[in-house]
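Next up: just one chain, as structure tokens, the form predicted on its own.
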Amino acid sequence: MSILGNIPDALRLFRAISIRLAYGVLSLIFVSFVTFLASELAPGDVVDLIAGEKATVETKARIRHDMGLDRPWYTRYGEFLVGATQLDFGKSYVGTKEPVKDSIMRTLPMTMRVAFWAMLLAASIGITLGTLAAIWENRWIDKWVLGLSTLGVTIPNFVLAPILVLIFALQLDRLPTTWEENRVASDFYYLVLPVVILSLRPMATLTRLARASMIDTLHQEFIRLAQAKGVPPVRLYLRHGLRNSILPVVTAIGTSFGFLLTGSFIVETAFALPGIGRLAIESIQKRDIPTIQATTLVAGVLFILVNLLVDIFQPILDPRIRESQV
């Protein structure tokens, strides 16, 4: 027996998770460096935006020195990485010039809230529709589900958002058009449209993937054997069919979360939601480099953590993966 054979299973699982975290950290460093480099190479000078057009050369030099922009780029990037490990992203260049950490802590809960409900809605409806389409393959339900899922994949958020706002907010007057500070109803009332819009494309993707995986599973020999033994249809489809076909869908949920993060930039801006997506768009428009770097890094951390959770749940759902990894 090899030495690895004597290592407890929990230790091996911890080692696998640690390796994934190490790759995640390298990915975050790469993303932060690309963001920093893009900010450095972008045309224009942030000092000109802060000082104004009529500022003197001496005034601009003083502002540049106070902000530390007169130092080499690699020094500033190294300080950003060190500060980021302590959740210190510096201060904003514009507005009240508050610490970027405070802006992130204020806006992150809204983004997480919308992304969670959108992913929950997309997964629940997508898996349900995909399963029904697979059970009634090549029938009218299957054709309708395929048609709707194809439509959901092809229509982007920036096209879908104004259409739904026109129907439900302007014509039917059932839902609000934007988030309001002084809300007259529960938050759910203001989040329905953003959540639905953000969830439709992942929902369509998960529907098509669940259908394809379920059809492949239902054609397996063990399904035919279960049918021959007289297993009830509900148990056959849920326990034997869905349980063995859900793994690709769970994997896709992790990648779909990345779409939710990028889609939240558009949805939060369109509905004036106080999330990090809207914060990132506003910081790009204002050339607020510390906030741009912080929002990009936070989005990367969220994406990596969600995919790590997917990697952890995969061995739980599929014993074959657990045996190969552990």
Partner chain sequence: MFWFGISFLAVVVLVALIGPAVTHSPFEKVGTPFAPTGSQFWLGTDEQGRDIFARLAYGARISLGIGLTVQALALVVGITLGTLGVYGPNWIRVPILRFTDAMFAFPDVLLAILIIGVWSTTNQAQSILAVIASLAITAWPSVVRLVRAQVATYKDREFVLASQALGASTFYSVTRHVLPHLGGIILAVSMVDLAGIILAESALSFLGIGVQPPIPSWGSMINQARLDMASHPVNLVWPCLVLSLTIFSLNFLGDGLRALSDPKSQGRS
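On a predicted model such as this, the values are computed, not experimentally measured, just so you know. Numbering follows the first chain given and starts at 1.
Separately, the form predicted in complex with the partner chain exists; it is not shown, and the next lines address it.
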Exercise: residue 266 in contact with the partner chain in the predicted complex, heavy atom 4.5 Å: yes
Going by a heavy atom distance of 4.5 Å, is residue 59 a contact of the partner chain in the predicted complex? no
In the predicted complex, does residue 235 come within 4.5 Å of the partner chain, counting heavy atoms only? no
Against the partner chain in the predicted complex, would residue 222 count as a contact residue? Criterion: heavy atoms within 4.5 Å. no
Stretch in contact in the predicted complex with the partner chain, which is absent here, among 114-122, 244-252, 206-214, 83-91 (heavy atoms within 4.5 Å): 206-214
Could you list which residues of 16-30 come within 4.5 Å of the partner chain in the predicted complex, counting heavy atoms only? 23, 27, 30
